[in-house]
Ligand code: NAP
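So this first bit is one chain, no partners, the form predicted alone, shown in structure tokens.
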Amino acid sequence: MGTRFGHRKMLIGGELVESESGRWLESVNPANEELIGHVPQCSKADVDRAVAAAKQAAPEWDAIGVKARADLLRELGRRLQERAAEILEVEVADCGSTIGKLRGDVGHAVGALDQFAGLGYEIKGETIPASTNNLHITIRQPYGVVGRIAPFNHPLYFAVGGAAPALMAGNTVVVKPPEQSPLSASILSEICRDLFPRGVVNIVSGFGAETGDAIVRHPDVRRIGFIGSVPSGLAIQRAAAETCVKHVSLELGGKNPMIVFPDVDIDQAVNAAVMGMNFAWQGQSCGSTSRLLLHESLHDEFVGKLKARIDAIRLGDPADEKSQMGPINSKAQYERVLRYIGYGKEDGARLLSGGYRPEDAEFKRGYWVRPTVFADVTPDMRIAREEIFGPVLSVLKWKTLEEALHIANSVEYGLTASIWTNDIKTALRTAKAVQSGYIWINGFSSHYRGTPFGGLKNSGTGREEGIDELLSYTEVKAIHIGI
């Protein structure tokens, strides 16, 4: 019996193919646990073929020049837009996020393609007055083959957005889509097959421990970009180091604070706390402000209004425009979320809202849990220290700025932070002191194209979404010319 989206193929060397192993990876709709499609479960041999094709294509791809590469990236954007409705249908079923939010992902991917296409001529070197009888110059050259490993919360957007700067810099790419939500990558494979020279873009699906590991360890993959969890990032660093010296950039998890000062408009800040948790993605966003740090003077009023907002969130079919939150992406992630809800109760936090599976008939199957808020959380609790990557918000109370900063900086992560105050001096002082790489003052969640996104501490290394990312896909070579 066939599945909704059938057996899809991957892209290697300009051809849509199955795995040499003959194995298939199942994709399940998290809303109802229905098997909806299959993609190849790639082996090391498949990865070797993909890397070999990318390596062979790399010199010609670099040689076609900036304008030709930019034209192809922009054309990729146009073709993605032509199939945007199809991509949206697949991704809503495959990853469970709400259609209202996922609808923007193709546009975000197109935006990344346009941005890096436009930055192509900024890949330039310098002249350095190091001596009077030589001309000293630097040039930037691509690495060759780049590996990009994408996460499950924005499958197509992160696959395209991660590949765009690498391609624009003159590299060829081997992309691994997430094993939990791999189906949209098959549409990307079809588009890239018809657009790019053979071997320039290769897409290999499979498990991280096999397919991803083979990419990371391959000696011809000298540059790796990864978005995902801290444990996976650490494993990638170890595996990469065992083969040869590689440039690895990591955009990892977060346990991000939203610090609320007593001078704010409470209603605006409550809205920001709800929106900053990204419940439309079930809290499955590395930038979610999952620690809410409230000044004691407004704590009780804030928590009362917060509970009302959270209780009103409408769970439902992610394909329904009225749904405000869908299911957790996978069974493993669902079990993780429930485990941490249990930890919160065990450690003495007060369950303020949610924390259970809805009893309605439509939620009998699938990975559903109500959006969850814990109050009376202390910094030592597991729900305050560890990334859950789910719809669980922890509320903590503070009295002095020093206490707030201590709480904010007491975790291993340092990705984002949100600061709410009408005092500009307080805002800037706090922003400088908070150990996070991407900070909003009186804002939340938004990414602003061209600004460098990335984390401090265990939240990663390197920066994405700006000129820094583009240049990171090149190596600098110094040339000295005697005159």
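In this text, all values refer to a predicted model and were calculated from it rather than measured experimentally. Residue positions are given as counts along the sequence shown, with the first one as 1.
Keep in mind that the form predicted in complex with this ligand is missing from the display, and what follows is about it.
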- Item | Whether F158, Q180 and G208 all lie within 4.5 angstroms of this ligand in the predicted bound form by heavy atom | yes
- Message: Only one of S353, S232, N278, S323 gets a heavy atom within 4.5 Å of this ligand in the predicted bound form. Which one?
- Response: S232
- Message: So this ligand isn't shown here. In the predicted bound form, which residue out of Y367, F374, F389, F116 has a non-hydrogen atom within 4.5 Å of it?
- Response: F389
- Task: Although this ligand is absent from this view, report whether G170 comes within 4.5 Å of it in the predicted bound form, heavy atoms only.
- Result: no
- Message: Quick check on L415: any heavy atom within 4.5 Å of this ligand in the predicted bound form?
- Response: yes
- Message: I'd like to know if F453 sits close to this ligand in the predicted bound form, meaning any non-hydrogen atom pair within 4.5 angstroms.
- Response: yes
- Query: Counting only non-hydrogen atoms and a 4.5 angstroms cut-off, does E251 reach this ligand in the predicted bound form?
  - Reply: yes
- Assert contact_stretch over 224-232, 377-385, 313-321, 190-198 against this ligand in the predicted bound form, heavy atom within 4.5 Å, equals 224-232
- Message: Given a 4.5 Å distance limit between heavy atoms, list every residue of 111-148 close to this ligand in the predicted bound form, or none if there are none.
- Response: none
